[in-house]
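Okay, so we've got a single protein chain in two different forms coming up as structure tokens, structure 1 first and structure 2 after it.
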Structure 1
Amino acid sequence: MSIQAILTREKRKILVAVNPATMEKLGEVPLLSRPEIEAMVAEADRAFPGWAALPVSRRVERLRRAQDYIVDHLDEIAETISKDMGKPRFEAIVHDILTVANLIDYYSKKGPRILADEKIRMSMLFRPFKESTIVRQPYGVVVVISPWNYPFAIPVSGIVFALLAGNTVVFKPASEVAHVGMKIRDIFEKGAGLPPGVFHLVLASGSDIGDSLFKPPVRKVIFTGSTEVGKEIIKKCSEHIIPTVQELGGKDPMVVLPDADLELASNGAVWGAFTNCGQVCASIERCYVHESIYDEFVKRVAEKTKALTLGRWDDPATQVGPMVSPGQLQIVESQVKDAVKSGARVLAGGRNREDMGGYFYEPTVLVDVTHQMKVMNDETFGPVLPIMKFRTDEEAVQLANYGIYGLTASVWGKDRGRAWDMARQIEAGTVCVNDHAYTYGAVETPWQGFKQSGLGVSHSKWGLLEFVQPKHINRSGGLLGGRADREVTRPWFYPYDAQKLSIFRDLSRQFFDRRKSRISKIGLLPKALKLFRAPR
């Protein structure tokens, strides 16, 4: 959906939107005011204790209902995604809906174990007398702010983890995909049947949001979007020490080694660069190819790119849809023109297809590019693939690590050891060998960025643990069990005396001397026990 206008009627802002492929008007969406948003946050805060008190198994039951609702309304959800964003129906189902269904199914089984209490194995110094446990405590109100490029998979992933962990959620989708946001609300309110106040949808302009989503009672913010906006959110949250998880921009490299399977690698380059019309934070935006295979690789990529079908979401033959908005289209046009002006050549595409009636831009392949061009530095977020040569593996790593971003990358080659060695050297949160970008759909694996591509983790057990605070509870126990509180003193308490000092000195000198045998150290335990005996 492209924002055609924001009107004001009877003191209420109204968003008017169109389908980016057909320019068909999709309807009008009323936007919330700041007092309404703050009231939602307050209601989510009131609902938190009740939701958090439910056993994880009860929360799983609600998420399973959401899963059933998604399956029952799959075509309806897919159509909404495609109309709002313009992406082909195939991508709406496979990239967005399938990812969410898999995530709910997987973490409904694995989540309770990940969130369970965890015993800490104490060192020998304290093991006889103390025991420690980590309990996973939800934060409270979690704000989920999502982009328009994957308007279903990205936000629902965060919402599911937040709810599973026991938090309440305030969800702010991108205005371009407001109708998808409303479908998500249906899934959790009608499908899951969440209690009142546990989930809220915020449709509002940035000026009306202000700082209402970045101050208490909000306890954590999950943001996916541009690095520039992410920095502003971090600043606002820092005023109240509110932690954030940020999945930000990317300028992701593909490295093609001389022994690569050229058919596989060229197919991967075309899909990795042009899936979702290139509007992917993890799309291939820089391609580095060894000089010995460069010409043949470029030839294959150009031919495959020219064969792609540009069209509407409802045509099963469509492989590439439109850009989401005229603003995004302008960024792509500007970068291509700047590159050509600086000496780059267009081997495929390179045209704005105004004749097709929407925001269409042909998938474009550029060669003779340099790192002095915007297309090799700035995030493009569109269907453009620039290709450069390299000579040595060391040069390839240096080129891949160029720039401020480090979200994903890929290495292509038949020698698994060589590809593995290079993957370890590339500065990115995920590096694939002989594939690219797909691992957001592998929900058991972590998704995170290096450098200015993000903070924290999405997906995987580490992503779920972003939604809880680890609380350490320590109590007397160990070998003495429940008797410890009655029968054991605390030798670190007052009073200090010469006997304590002597025993602690001997323990420090002998127990931690790596040169002494384990048996001799065990012999020190009777002496140490004297410190813990309560006076009779």
Structure 2
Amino acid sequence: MSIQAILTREKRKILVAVNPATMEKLGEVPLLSRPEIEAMVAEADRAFPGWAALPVSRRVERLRRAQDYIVDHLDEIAETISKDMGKPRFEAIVHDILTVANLIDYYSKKGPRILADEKIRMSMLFRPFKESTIVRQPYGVVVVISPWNYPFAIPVSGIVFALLAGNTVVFKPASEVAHVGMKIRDIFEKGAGLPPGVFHLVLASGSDIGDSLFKPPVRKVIFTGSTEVGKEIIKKCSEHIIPTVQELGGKDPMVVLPDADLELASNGAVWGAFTNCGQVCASIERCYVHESIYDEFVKRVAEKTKALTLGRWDDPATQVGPMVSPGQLQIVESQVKDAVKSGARVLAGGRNREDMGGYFYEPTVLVDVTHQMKVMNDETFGPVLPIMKFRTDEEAVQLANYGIYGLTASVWGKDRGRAWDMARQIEAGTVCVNDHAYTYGAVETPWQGFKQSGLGVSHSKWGLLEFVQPKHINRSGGLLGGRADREVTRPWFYPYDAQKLSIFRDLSRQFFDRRKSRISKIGLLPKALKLFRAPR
């Protein structure tokens, strides 16, 4: 849905939504006030101890029920995603729903082990008498704030991880996709049957929520959206040292090496730039091609782009849908105009197609672009593919690393070693070789931004661990078991005296002398034990 207007009726703000492909009115959505949001956060805080106390296997059971509900309502969910933001049904199912089904299935099996307690193997200094364990403790109330472009896969990934780890959730979707937000609420309330208070949906516009989601009792914020809003949220959270995961904007490069398979690379460029109408954080927004294959590559990309069909979500022939809003469309138009004014040439597309009845813009290929143009610097978040030439691998790495972002990148070539070397030098959270951006759907792998593209990780075991605090518990153990607790002192306690000092000096010298054998070091144990003894 796109936002047509926000009205105020009896002191409540109401969002009027339209389908961006047809401008058909989708309905009115009442928005919450700040006190209502704060009441939800308080309720989530009250529900936390009960949910956290459940064994992880019981939480998995609830998530499995959510998975069943998604499978049973697949078409209905896909229709809502497509009507809210315009993407073809294929993309709603394959990119959004399949990712979530895979995620719940995979982490229902792997999650309990990732979240289990972990013993730390201690150094020889402490191993004989101490043991340390990490227990993974959920934070409490976790806020999930998500964008409109993958309105199902992005938020549900965060919500599932948060719940699995034992947190309660307050979820705020982008206003453009409020109906998808309501479907997600159905999945967790009706489908999973979560206990009251564990999950909350906040329908409110971002600018209205103030600090209500960024102060205690909120304990962690998972934000996906623009770098600009991410910075604002980091500032608000810093007031209370609330940690945040930030999945932010991108301006992702594609590098085409001279030995690339041109058919594969040109197909990849067209999909990587225009899927989801280019409204993808990891969209190919800068394409660098070796001079020896440039002409042929550009020719194929332009032909394939012209062959794409723009259209409605429910036509199976549609490859590219509309943009989500007039605001988004204007950004694209202005970047293309700015580039053309500065000397770029349009080889395909380049036209606003609102004559089709929605916010349509033709998939556009630009050449003769430079790093001085907006289209090579600012995030476009639309269907534009600018292409530049390079001569050497060093130059390609420099070009790819240009700018403030570092979300994903791709390198295309047949020589696996050469592509690997280049992948290692590119500053991005994910680099694919001979593919692009699809790894958001490979939920076992990490998704993360370098530079101003983000902080922290989504998906993968590292992403799941973002939802727990590693609490360290240390006690007597090791070879001596709990026996060290029978003593009334510790080697590092007072009093310091000449005898203790001399034992420690000798131990330090002998223990860390790399020329001494292991056996002679173990022989130091009786001396070390003396350090424990003290008169009761």
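Residues are numbered by position in structure 1's sequence, first residue being 1. What we label the rigid core is the largest C-alpha set whose atoms superpose within 1.5 Å from one form to the other. Values in this document were obtained by computation on a predicted structure and should not be read as measured data.
One of the two isolated chains is the form predicted on its own, namely structure 1.
R518: CA moves 2 Å or more between the two structures after rigid-core fitting.
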